[in-house]
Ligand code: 0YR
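Below sits a lone chain in structure tokens, taken as the form predicted on its own.
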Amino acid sequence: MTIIRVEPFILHVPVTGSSISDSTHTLSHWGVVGCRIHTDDGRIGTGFTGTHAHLAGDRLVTDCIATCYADLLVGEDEADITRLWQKLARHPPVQWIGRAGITHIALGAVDIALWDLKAQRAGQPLWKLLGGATSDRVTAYNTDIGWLSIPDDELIAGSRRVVEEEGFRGVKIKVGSADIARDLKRLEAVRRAIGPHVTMAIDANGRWDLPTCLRFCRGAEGLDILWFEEPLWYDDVAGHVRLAAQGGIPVALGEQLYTAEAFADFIARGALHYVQPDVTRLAGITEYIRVAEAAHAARLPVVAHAGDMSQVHVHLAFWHPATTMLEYIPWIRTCFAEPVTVTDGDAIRPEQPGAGTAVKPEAFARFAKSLS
């Protein structure tokens, strides 16, 4: 069918509590920023990226969709996803001003909306459209209990609660304090609280330098840390290569890598052990698939970063054979017609046609922001 309209939108949804912090950011809301693509038979496909709910920045994304991409899409066949991805990604005026960042994540939102339409048209959930599930269950790990801003006693209690009462078999704890002794003390307390059989990953959000990371890794021996996520500045390939070889903790990263080429460099140089593509930072599902396939070819596990809070990633997790776990952060789940759901520590496979991106009308009524 033919695309007749591209409708950008911005939602700002509150996070858990009044705010959260990691080593580099403090947030009170999460941005759901993207577009709805309308076709001439009345269907609507929805795609979005995840942001820190900065209205001026969010408007740059929606402006890019409205002024750079909409005219290239109207009148096109919605089913031509590969051709349309190439048309938008390689459009000379847009390519000239950016092959990553704003133009790239705007393209990601468009691409997700097109895949949502395709799955709806097929009457299938996205994972089924892509080729079927490779697993009956995907283990979820809880990040929302582990923010750096959470006091020690609440961190320990929250970690114990999600394991003992909610069935999670994995947690992720934020690190990156000015004093690494504080982080080590918190991790030791969490490990005692959750026991030896629950996986514990950590995330520094790119805060530390290589000497600090190596010192931290020595201090963390015996804590059985599953992975060390974003330990260094995101583009420091050489530093990650050295840490991966010397640190003793597997390295994970990807949420700040915007292109398949960036992932290819890190993978080829042995700079990471867990590959964490984000469908909302890459240029959508089309590019995510390329990264996941590259990781699989290198026999590396894929654990997507939840910039979409796993609404799309849950489909990709059930489908792609390299996926081992799924991140769980529940901030925006109530906005969707089929929200990501975790039961007894496992993500539930979605069954509704589409990519899981259909936003409920009441979410627009509550959380929508002006585009100008």
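Please read these numbers as outputs of a predicted model, since none were measured by experiment. Position 1 is the first residue in the sequence shown; the rest follow in order.
Keep in mind that the form predicted together with this ligand is missing from the display, and what follows is about it.
Mind telling me which stretch in 201-209, 291-299, 149-157, 73-81 gets its heavy atoms within 4.5 Å of this ligand in the predicted bound form? In short, 201-209.
According to a 4.5 angstroms non-hydrogen atom cut-off, is residue 240 in contact with this ligand in the predicted bound form? Heavy-atom contact with this ligand at 4.5 Å: absent for residue 240.
Report yes if any heavy atom of residue 52 sits within 4.5 Å of a heavy atom of this ligand in the predicted bound form; otherwise report no. Flag for residue 52 set to yes.
May I ask you to check whether residue 305 falls inside a 4.5 Å heavy atom distance of this ligand in the predicted bound form? Flag for residue 305 set to yes.
Flag residue 318 as yes or no: does it have a non-hydrogen atom within 4.5 angstroms of any non-hydrogen atom of this ligand in the predicted bound form? Contact check for residue 318: no, nothing within 4.5 Å of this ligand in the predicted bound form.
Give a yes or no on whether each residue among 27, 172 and 327 has a heavy atom within 4.5 Å of this ligand in the predicted bound form. Result yes, every residue of the spot touches this ligand.
Counting non-hydrogen atoms within 4.5 angstroms of this ligand in the predicted bound form, say which of 183, 111, 255, 287 makes the cut. Among 183, 111, 255, 287, a heavy atom within 4.5 Å of this ligand in the predicted bound form occurs only for 255.
Quick one: which residues from 225-253 get a non-hydrogen atom within 4.5 Å of this ligand in the predicted bound form? The stretch 225-253, when checked against this ligand in the predicted bound form, contributes only 229 at the 4.5 Å heavy-atom cut-off.
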